[in-house]
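Following this are structure 1 and structure 2, which are two forms of one protein chain, each written alone as structure tokens.
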Structure 1
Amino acid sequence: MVRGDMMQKAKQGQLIGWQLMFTGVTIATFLLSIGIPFVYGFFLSLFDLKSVSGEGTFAWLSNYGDAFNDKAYWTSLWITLKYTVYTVVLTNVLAFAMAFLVTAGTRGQNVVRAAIFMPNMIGGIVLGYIWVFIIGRVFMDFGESSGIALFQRSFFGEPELAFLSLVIVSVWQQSGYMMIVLIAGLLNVPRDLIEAAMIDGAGAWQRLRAIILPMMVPAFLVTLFLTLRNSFLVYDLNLSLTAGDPYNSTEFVSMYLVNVGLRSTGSNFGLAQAEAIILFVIVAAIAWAQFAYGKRKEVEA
């Protein structure tokens, strides 16, 4: 009996060893890149810090109280939320339309896939400067030559047009990557179901609504999560394309946090950390709600 218990414990120890061998690197990487920095960031949010390297005094939860009273923070968060709604909806609709078209068996569809995916390979800073030239110079020259009033207006001088520029460039950049994810989802839809529906007389719209879209729920969960994360945390494109102008009307929350924590005068690193923690909670809650709703739809489908 004792020997059997010892052998059982040895097997359990061996199993744990194998698990650590395969998951240890992943766990260590997660802790070093996400877990420990997050805990340290929460620790810093409890201090009154005027700079990253400066000495601070323990402030307990006063930074969180200041964050809830910071109107500029909530304004930037509201602007980011509007931007997120536009980019998430438009990116996924456009990505699905393109994925549907490039899986229809047309000639040259692989070349089209590569061309659509290409903008995702360009970094946000470079992409922003490219579109600054396109919007600021090419659009203006086109407007002067064509006489179209819209292109004669300064896109970076009007809040609505500057916001629209950010949405357009973001959708243009992200839709190619999301298209690849949705292509994988489309290819996993069983062909026999579609063929059976065609035999039963189902039209293209009926097949799309009753078969293809329900079977695509797992792929949409991935693309919705990725676009949601990218939209809430966008910084590089925001910095290079509009820099928050005009009059901070396009200053998204990530840029606002950087400005609060690292600006040359009047910086408050502790407050920025507290506001970043609040942002994390909001984004995590939205992502969890989206995931839970999506999983329920997946089960129903």
Structure 2
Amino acid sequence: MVRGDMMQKAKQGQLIGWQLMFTGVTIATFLLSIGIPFVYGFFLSLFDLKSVSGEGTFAWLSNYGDAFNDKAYWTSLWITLKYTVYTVVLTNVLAFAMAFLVTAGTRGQNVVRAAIFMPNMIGGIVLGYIWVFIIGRVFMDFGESSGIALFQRSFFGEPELAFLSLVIVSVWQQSGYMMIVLIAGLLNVPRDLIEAAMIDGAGAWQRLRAIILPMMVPAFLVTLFLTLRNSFLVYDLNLSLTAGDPYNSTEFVSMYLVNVGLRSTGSNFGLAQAEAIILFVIVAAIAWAQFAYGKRKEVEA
């Protein structure tokens, strides 16, 4: 009996050893990057914190109260939301159309496909500056020589046009990636199903609505998740293309949090952290809603 216990213990000890050996580094780095900072973040949000040394005064939930009354924060969230809606819709529609185009079987479609994907190889910082040049210089030049009024205006000087620039460049950047994901979905639609529908006399539109779109729901859930996340949390492109200008009219929520939570002196880091946590709650709610929707669709299918 005692011996059995010892055997049991020894076996358990061995298992713990294996566990540490195989998963130890993953657990440790996970705690380092996400576990500890995430939990500590809740703690921080309860403090009135003026320096990065981590010293502050306990303030209960007052930071959350301040966050709800922080007009600049909600304005940046609102414009981020607006930008997200435009970008997500346009990116997915364009990506879907392009996925069709480059799988039609024309010669050279692989080259086109590769070119469309190319912006995804390059980070938002560099892409942003390339487009600062194109919009700031080439558009201007085109406006002068063609006489089209729109291109003679200063895109980065007017809030609406700066916003539009961000949407255009984001769609341009992301749609190639989403196109590839949707092609993967498109290839999963069985050919004989489409052929059977054709024999039954279904037109192109009917085939799209009745067969292709329903079969592609899983792929769309992926692109929707990715575009939502990329757009809602965009930072690099925002920084290089407009830097929030003019007059903070294009300062999206990530940039707002970086500006108040890291860069500026004299701001309350506890408040910034509370605002970051509110952002997390919103993102988590969206992700959960999407997951629930996806599960329901899966069951239906």
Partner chain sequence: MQPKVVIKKSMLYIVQAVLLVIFGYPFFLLIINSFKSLLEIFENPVALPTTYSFDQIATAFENMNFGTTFVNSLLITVVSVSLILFFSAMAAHFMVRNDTKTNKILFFLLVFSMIIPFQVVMIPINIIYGGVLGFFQDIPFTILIALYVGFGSALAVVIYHGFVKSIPYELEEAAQIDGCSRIGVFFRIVLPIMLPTSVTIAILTVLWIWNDYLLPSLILTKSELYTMPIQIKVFSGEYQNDWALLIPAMLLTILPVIAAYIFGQKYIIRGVMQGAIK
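Definition used throughout: the rigid core is the maximal C-alpha set that superposes within 1.5 Å between two forms. No experiment lies behind these values; they were computed from the predicted model shown. When a residue number appears, read it as a position in the sequence of structure 1, where counting begins at 1.
The form predicted in complex with its partner chain is represented by structure 2; structure 1 is the other form. With the core held fixed, the Cα of residue 29 is displaced between structures 1 and 2 by 2 Å or more. When the rigid core is fitted, residue 290 shows a C-alpha shift of 2.8 Å between structures 1 and 2.
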